[in-house]
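Only one chain is shown below, in structure tokens, and it's the form predicted alone.
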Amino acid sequence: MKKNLAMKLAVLGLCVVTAFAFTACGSSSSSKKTTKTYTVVTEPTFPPYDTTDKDGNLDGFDMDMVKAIAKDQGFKVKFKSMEFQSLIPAIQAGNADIIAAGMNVDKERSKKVDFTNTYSDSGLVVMVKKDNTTIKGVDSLTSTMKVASQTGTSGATECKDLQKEGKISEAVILDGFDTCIMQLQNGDVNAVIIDKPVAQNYIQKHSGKFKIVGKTMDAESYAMAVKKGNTALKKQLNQGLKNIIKDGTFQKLCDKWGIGNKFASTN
């Protein structure tokens, strides 16, 4: 009798312990917060803003900036590479959350996505081979010349306008700035119209091969972009950007990537 009673008490005790364990696990699971992960898209032929490292991983100022903002705001990011003209459609379709690709703010793009506060100033320049003494700026381009730029950029728009006006013979629009530079190096085009910081980066890395001629055209500013109406994420990105500017992280990234034009709006 006592033996049976002891066994019953033991079984009852085990049930209580097991029930407590499950309750504790359930409580821990329900209280645990899941960290949000956002997909960030870029086009990595736009150094120093967007590029790849020696192992082929996405790298650059934009990547470091977004990582710093994510850390400040308590979310995670994963990066994805695609062609520049596919970035906005990816956001619109919900296949990505953030564009960080040295994208300048303009009216047409603003109809399709919402931009954050701007973080860098730029403008277009004409880039030629170092030994070119004929082209001294956009005004010295002629109707016999071919000029290249990257598809989907303001540089591409400028090239197409020059062709329509008869100021150049052909606007050569290519998928990446690296391909544009290759065509310039090979003599397939006479010049490249490119964002000034990107041109400066190429010139620094390929000393003695290229140069910028003439004045900076069409001053513009870069910003991140999110899906139209995603005010919560836009607010997070703006607050994170403001915080990393304030604590000096932004300036350190400018120094790291050699971005001489250190501009950021915090409005």
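All of these numbers come straight from a predicted model, not from anything done at the bench. The numbering used is simple: start at 1 and walk along the sequence shown.
Same protein, other form: the form predicted in complex with arginine (ARG), not shown, and the subject of what follows.
**Q** Looking at 125, 98, 148, 103 here, can you tell me which has any non-hydrogen atom within 4.5 angstroms of arginine (ARG) in the predicted complex?
**A** Here the answer is residue option 103.
**Q** Using 4.5 Å between non-hydrogen atoms, is residue 46 touching arginine (ARG) in the predicted complex?
**A** Yes, residue 46 is a contact residue.
**Q** Is it the case that residue 50, even though its partner is missing from this view, gets within 4.5 Å of arginine (ARG) in the predicted complex, heavy atoms only?
**A** Yes.
**Q** Is residue 119 a contact residue for arginine (ARG) in the predicted complex, using a 4.5 Å heavy atom cut-off?
**A** No.
**Q** With the partner left out of view, is residue 190 within 4.5 angstroms of arginine (ARG) in the predicted complex by any non-hydrogen atom?
**A** Residue 190: no contact with arginine (ARG) in the predicted complex.
**Q** Tell me which of 182 to 190, 148 to 156, 71 to 79, 135 to 143 has residues with heavy atoms within 4.5 angstroms of arginine (ARG) in the predicted complex?
**A** Stretch 148 to 156 is the one.
**Q** Using a 4.5 Å cut-off on heavy atoms, which residues of 171 to 194 contact arginine (ARG) in the predicted complex?
**A** Only 177 sits within 4.5 Å of the partner.
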